[in-house]
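Listed next as structure tokens is one chain, alone, in the form predicted on its own.
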């Protein structure tokens, strides 16, 4: 049974359909990277799952129950991290649990340690670099012991080195907790290095998403950079063939 099931989901902005009869099954303990052009519904899907946007029709099930962020533990990391400038790092970290009146993860100290946040706890977000803010957002989401993690281009605003390091930290935590994750990205290379599954969202709302199982995820040492490059080219070619590679 899938951890997350999306059935015949319909979401519109005014008269414009963004997702139409959209379907997706997400396996428990997997990372699904969502690729597609701007406006194809990647961020909209995440916001609908976590309750920010109300759909016009369809259903979303988490562990075979209608999704309800008030009752189920869903971690959500928006594009700009969603940190509150007037709260310290420590207060930001524990805010989600405080609002929901739930205990933080028993591994909270370990999460803070692994993401190297201990020296930053008394600072405010404006005093942090982009990479540090991103690590705070990651830690805050993991603190909730989420059943489902939703990540909307979490590393897109970071430089290449910081983004790769942040992705490695995310994968370290994922290996420890195996949280089912939907991960939005525009970067094919990032998708190939991050997800069990790569989902190509349709350019038109009426089309069906295409899903690739990633044979290189957590690859053995015998995998070479050429293997990753070849898979990136395969995904890129498929996006070109289906018109998913252009925002025009």
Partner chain sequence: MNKRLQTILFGFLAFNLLWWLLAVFIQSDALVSPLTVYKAMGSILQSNIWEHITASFVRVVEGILLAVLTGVPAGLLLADYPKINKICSPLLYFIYPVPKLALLPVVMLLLGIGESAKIVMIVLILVFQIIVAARDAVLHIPHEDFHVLISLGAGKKQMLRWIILPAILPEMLTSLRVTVGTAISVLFFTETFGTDKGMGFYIVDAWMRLAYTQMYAAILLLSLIGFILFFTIDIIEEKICKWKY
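Treat the numbers as computed from the prediction; the structure is a model and nothing was measured. Numbering follows the first chain given and starts at 1.
Omitted here: the form predicted in complex with its partner chain. The next part is about that form.
Report yes if any heavy atom of residue 100 sits within 4.5 Å of a heavy atom of its partner chain in the model of the complex; otherwise report no.
-> Yes, residue 100 is a contact residue.
Is there a heavy atom of residue 161 no more than 4.5 Å from a heavy atom of its partner chain in the model of the complex?
-> Heavy-atom contact with its partner chain at 4.5 Å: absent for residue 161.
Proximity of residue 82 to its partner chain in the model of the complex, heavy atoms at 4.5 Å = Residue 82: yes, in contact with its partner chain in the model of the complex.
Should residue 121 be counted as a contact of its partner chain in the model of the complex, where contact means heavy atoms within 4.5 Å?
-> Residue-level check for residue 121: no, no contact with its partner chain.
Tell me the stretch among 210-218, 58-66, 22-30, 43-51 that has any heavy atom within 4.5 angstroms of its partner chain in the model of the complex.
-> Among the candidates, contact is made by 43-51.
Have a look at 104, 74, 173, 115 for me and say which one sits with a heavy atom within 4.5 Å of its partner chain in the model of the complex.
-> Going through each option in turn, the one that passes is 74.
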